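Take a look at this one chain, the form predicted on its own, written out in structure tokens.
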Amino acid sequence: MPDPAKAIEALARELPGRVTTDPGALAAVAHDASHLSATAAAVCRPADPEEVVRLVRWARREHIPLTARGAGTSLDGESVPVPGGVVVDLSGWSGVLEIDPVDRLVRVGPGVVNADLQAALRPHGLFFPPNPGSWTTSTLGGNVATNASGPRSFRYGPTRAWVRGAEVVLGTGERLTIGGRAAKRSTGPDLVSMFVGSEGTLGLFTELTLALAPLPARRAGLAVPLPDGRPLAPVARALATATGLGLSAVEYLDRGCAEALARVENARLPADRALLLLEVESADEAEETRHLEAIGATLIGLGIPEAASVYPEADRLWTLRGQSGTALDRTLGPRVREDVCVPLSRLDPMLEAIAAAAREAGVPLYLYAHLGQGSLHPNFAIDPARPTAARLREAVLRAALRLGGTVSGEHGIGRVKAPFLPGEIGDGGVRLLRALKRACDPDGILNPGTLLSGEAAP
């Protein structure tokens, strides 16, 4: 890659006031929530789509890589810059542009924080169902770019299911509008879905159109202590297949995670047991009572007799649950944190494979999970930079593939998992992705090295 200094000076002249090389600004965008970090040459904060077009055309001329960034909460290096490249900071694009209660749509800038959108929608009796653990800080552009998920995906599915349309700037510098406002369409392959989960490698989002759901009248959170040694798979299968419980989330914290999270101020969580965390949706108080009684009877039938702690505001529980990562940061320090998902029918062998990997590496295991979907987040108390950590990660990801699962349930691929993607999608899938990348970003300037390994920066 050429020395970008003169090119950066030219960009600063072309987009005055939008470009900074301040060391503090560069340090602030050098890392995400993974163990990776790198120093960019500059940060650019374009003000509108036309400035994004000019930025991308400049990057093509100068062969300078661009990395889109919102809040930087990505877990696998998706928003870590290419050394010497430019970070495109879209966190300031935080406008809620339109709320349409009739069509149940919202138009937003990519920098809108998930929780802020929920607050804006509440007076209209609507909500955006995806709520990743980072929902109080992560931006919608990042949620869409990684197809983020979260506790409520048990009932409502991942972010992909709720993206109706988008405006993007391709790596060619072309502005493209895809999808729209219609509730359904049959116009060939779904271009919107193609960009969801693309991790900034095909285009830069400048606007998103999202579908919404009616806000349930009542949402209660439950924290249920689990008896020691209780097998998880039968619990997951029973709750996932039961009817009449009103469940919209089925989560799990092992004892170590519960203990770490219980230290958070005002947590009100038991610290001496593994926990089930549930969300119950109801139309009124009477239905909520019936749901809670039915859940209690179901749990007793599963050998889980202890009463649940009830959180009348479910979001309080999910905000707390979203702090699991930072709570473990304080407890463990650097660690391998993984994200795999397997069919519920394969949950038992996946859990055993995770435990076996921890035993083989001789490291403590901490597990939290979107249990009702077989979506698991094992955390291993080992520095990710150690060779043993790489072998441990490989053992977990290969076990997930062997059991018919995926190497990423909701966090994306980024740079950390790029070497493992071919094992899931095969050589044909890799060729298709590379062809798609060439069509949208022929010069390879958008987030090179993310998703597909072996891509050199321009």
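Predicted model only: the values in this text are computed from it and were never measured. For every residue, the number given is its place in the sequence shown, counted from 1.
There is another form of this protein, the form predicted together with a further copy of the same chain, and it is not shown here; the text below is about that form.
- Using a 4.5 angstroms threshold between heavy atoms, Arg346 counts as touching a further copy of the same chain in the predicted bound form.
- a further copy of the same chain is not shown here, and in the predicted bound form it never comes within 4.5 Å of any heavy atom of Glu62.
- Contact annotation: Glu51 falls outside 4.5 Å of a further copy of the same chain in the predicted bound form, judged by heavy atom distances.
- Although the partner is absent here, Ala12 lies well away from a further copy of the same chain in the predicted bound form, with no heavy atom inside 4.5 Å.
- Only one listed stretch (152-160, 87-95, 265-273, 218-226) carries heavy atoms within 4.5 Å of a further copy of the same chain in the predicted bound form, and that stretch is 152-160.
- This chain is drawn without a further copy of the same chain; in the predicted bound form, the residue among Glu287, Asp315, Asp254, Asp329 with a heavy atom within 4.5 Å of it is Glu287.
- The contact residue chosen from Asp103, Glu306, Asp383, Glu293 relative to a further copy of the same chain in the predicted bound form is Asp103, the criterion being a non-hydrogen atom within 4.5 angstroms.
- For the candidate spot formed by Ala183, His370 and Glu410, every residue has a non-hydrogen atom within 4.5 angstroms of a further copy of the same chain in the predicted bound form.
- Contact annotation for 426-446: residues with any non-hydrogen atom within 4.5 angstroms of a further copy of the same chain in the predicted bound form are Gly428, Gly429, Arg431, Leu432, Leu433, Ala435, Leu436, Ala439, Cys440, listed in sequence order.
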